[in-house]
Ligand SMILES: Cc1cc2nc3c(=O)[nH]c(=O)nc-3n(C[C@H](O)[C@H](O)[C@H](O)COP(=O)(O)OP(=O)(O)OC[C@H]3O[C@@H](n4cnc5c(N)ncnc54)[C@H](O)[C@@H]3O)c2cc1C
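Given as structure tokens, the chain that follows is alone and in the form predicted alone.
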């Protein structure tokens, strides 16, 4: 009889025995184990350990020495198809963290390992490091970390940072990028604009400085572009017939479309985008100098190649009705973002010369006419305010003054954006609040301001600004930009459709599933959660895709 290949999943005691049985019967055996080593259960506390007999599975040595058995540890079977003894398996093996060919048993890695965890080898009575002398039978060192590392847990979309950074260290850039794209289809864009909360929690920072996680993500994505490598497109063979409409082609909507394609809905997903191009806030909320449109277009193209139909310049309620979409599609995602500026709540803010910061950025991105002469005032302390201020300098304003009612320490903007704005010439005025737009001849000519001081912390944890009586003053300006926050324009769906709308005009959703109160309709991104960082919107899109899949399969 010809030699057969036998796949055994699980390297515990039963798997080890089966491997030996099959190889002794003349077969070639592949033993796949999720853990970094085979052997199964740990040593019971009531057992006396003696040399050469540490493990409960006594055949480990026989497996290791048998050339007919190939052990694939740190691996899992991703798919299995076939019948009648002719199977094809797709096995994913995680990157090895210790080069066993070079390991000489010096133990230095244990001494410097910063990760301490409960020692399940001793019923969690003591601690061990992540580098663990896991397999005394084989003599191999392993790195085995339980649960989710803090950096991954902090990342809104839970990117497997440890793995993709490890691949980069090994020079395996394609594998690193593939790891990122399992969850995030925007590595080029996010690698440039993400405020990277993961790095603030990086354990390496306790020793010297955090790993540059965000820039490493950009590096592997840029490496692919620079070397003109065609991004791999991998779609499942099993497909589903249901049609899904996604309203909004921003970070959340496109991430949802991408994951729906990976789940088997490719060629049945349509994205409706009101703007002339896709990208949402990536396109019209982040200036060109931070995220070039040509770079963003490559991420969008990658998503589109997964069988996602994109229709741009289509506004719901004008070019196509919401009712028609509900009639033609089995599920709908509302991912409309937050593109309306919030009111400053000061007198005369509707005067000519007062402009919403998000509208200004959108017009600048689309090449529309924008104010660009004289001096301007930017009101706000977030990243949108920094983008407005830095864009104003670039388009021609002679002087840009930024007002913020707290101090630099309390600013919500990323510190490096504040530093860059200051370096470029933006004048910061801290502890200053706007009071009234000064108008002359129907046009804004300045802002009456009031000086502040900090009081007790408010509900946000930041110290509350308190007005200083009698400190009013006027600051001249030709244009005033309000950049104090954004809200959603939920008017694309009429009141008759019965959606629950939240305080910031966002669609109210189940925070676990992103389902709205209307069956078959989901909402994600800024339009559901309120304005936030881009990777959080991507995370919402991924979750929405998983929820839509469960909803559609549950109906069958």
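Positions refer to the first chain, counted from 1. Here the structure is a predicted model, which means the values were calculated and not measured.
One more form of this protein, predicted in complex with the named molecule, exists but is not displayed; see below.
272, 486 and 524 - do all three of these have some heavy atom no more than 4.5 Å from the named molecule in the predicted bound form?
The answer is yes; 272, 486 and 524 each reach the named molecule.
Please tell me which of 432, 71, 344, 358 lies within 4.5 Å of the named molecule in the predicted bound form, judged by heavy atoms.
So the residue touching the named molecule in the predicted bound form, by this definition, is 358.
I need to confirm a contact call. Of 256, 308, 336, 480, which residue comes within 4.5 Å of the named molecule in the predicted bound form, counting heavy atoms only?
The residue from 256, 308, 336, 480 that makes the contact is 336.
Tell me the stretch among 434 to 442, 191 to 199, 366 to 374, 464 to 472 that has any heavy atom within 4.5 angstroms of the named molecule in the predicted bound form.
Correct option: 191 to 199.
Is residue 533 close enough to touch the named molecule in the predicted bound form, meaning at least one heavy atom pair within 4.5 Å?
It does: once the named molecule is placed as it appears in the predicted bound form, residue 533 has a heavy atom within 4.5 Å of it.
Please determine whether residue 316 contacts the named molecule in the predicted bound form, using a 4.5 Å cut-off between heavy atoms.
Judged by the heavy-atom cut-off of 4.5 Å, residue 316 is in contact with the named molecule in the predicted bound form.
Look up in the predicted bound form whether residue 518 has a non-hydrogen atom within 4.5 angstroms of the named molecule, and give yes or no.
No, residue 518 stays farther than 4.5 Å from the named molecule in the predicted bound form.
Can any non-hydrogen atom of residue 380 be found within 4.5 angstroms of the named molecule in the predicted bound form?
Heavy-atom contact with the named molecule at 4.5 Å: absent for residue 380.
Between 232 to 252 and the named molecule in the predicted bound form, list the residues on our side with a heavy atom within 4.5 Å.
247, 248, 249, 250, 251, 252, in sequence order.
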